[in-house]
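This document opens with one chain alone, in structure tokens, the form predicted on its own.
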């Protein structure tokens, strides 16, 4: 009987009044450490280690002496490679070019993604599953293939689109210096608008349907519901896809690399990533390339968190 009462916790206080409190066992903490250790090991190996190695390499340079017949020596230069990168007019011009590209790409991406999401969420929409898959399908196309596909549509010798625009008297030289950034923005928007659309559709599905019903009872049409209810409630997803697009524009690489043989408007330093790639594998200067890569990462970090701080000011926090 006493064993049963002890099992149920009855009378245990009296029985344990003279006993010393037991220390909490450390075994659960050890179990937690075993489960989370693989994540931290992988995070350190595949995320922190490459960043640390690139930063470490950016502080050195190879120096050759004499006629260059001896092995070059590795010398510590401190911030010398960063000064070289920022003093390179081609590299700083590439930074200005991707910033200009972001002014084109970010609004285009946000507007297209929002329009597709609102169309799919409309009460009058039909065949939603078909169009949802159709809009998302370009995201499954590799960036190289998408760039080649659109590149052939931009080249006058192979493009029926160029012929049609030329016959209509409309601008059609997509690979000219003045049109190359919008042409690249078109490829990026075509490929990623469907993915961002799904993020917004998920946000719309979290909106209580009672809000729409109340608005319709008050006489609001679909456009007023979209503008006054759906869009304000999508603030957090809109900020998210804006940050994703900002980071993507600063990392622009594949599209100009594939289009480069098709036009003279793209050179080896067209974007910061392309300039770092050229330094690493064209000029064999991995130390300057590491400094340029670090500068790109710092720029993406500053712009992304600066944007989040701007939209979250005055206590109106979304993220």
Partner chain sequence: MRPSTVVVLALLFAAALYFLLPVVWVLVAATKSTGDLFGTFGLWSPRPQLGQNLSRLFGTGVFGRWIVNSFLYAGLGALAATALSAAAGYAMAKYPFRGREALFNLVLAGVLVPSTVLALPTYLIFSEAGLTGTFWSVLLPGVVSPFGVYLARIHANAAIPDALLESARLDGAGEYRIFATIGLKIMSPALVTIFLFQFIGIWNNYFLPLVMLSDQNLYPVTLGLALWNSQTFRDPAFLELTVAGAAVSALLLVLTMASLQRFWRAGLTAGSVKG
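Positions refer to the first chain, counted from 1. Worth saying up front: this structure is predicted, and the values here are computed from it rather than measured.
Just so you know, the form predicted in complex with the partner chain exists too; it's not on screen, but the next bit is about it.
This chain is displayed without the partner chain, yet in the model of the complex the stretch 149-157 from 209-217, 166-174, 224-232, 149-157 comes within 4.5 Å of it by heavy atoms. Each of 119, 134 and 247 is positioned with at least one heavy atom within 4.5 Å of the partner chain in the model of the complex. Taking the partner from elsewhere, residue 190 is found to have a heavy atom lying within 4.5 Å of the partner chain in the model of the complex. Shown alone here, residue 76 lies farther than 4.5 Å from the partner chain in the model of the complex, counting heavy atoms only. Residue 311 falls outside the set of residues with a heavy atom inside 4.5 Å of the partner chain in the model of the complex. Shown alone here, residue 277 lies within 4.5 Å of the partner chain in the model of the complex, counting heavy atoms only. The single contact residue among 110, 199, 86, 95, judged by any heavy atom lying within 4.5 Å of the partner chain in the model of the complex, is 199.
Taking the partner chain as positioned in the model of the complex, the residues of 294-312 that bring a heavy atom within 4.5 Å of it are, in sequence order, 296, 297, 301, 304, 305.
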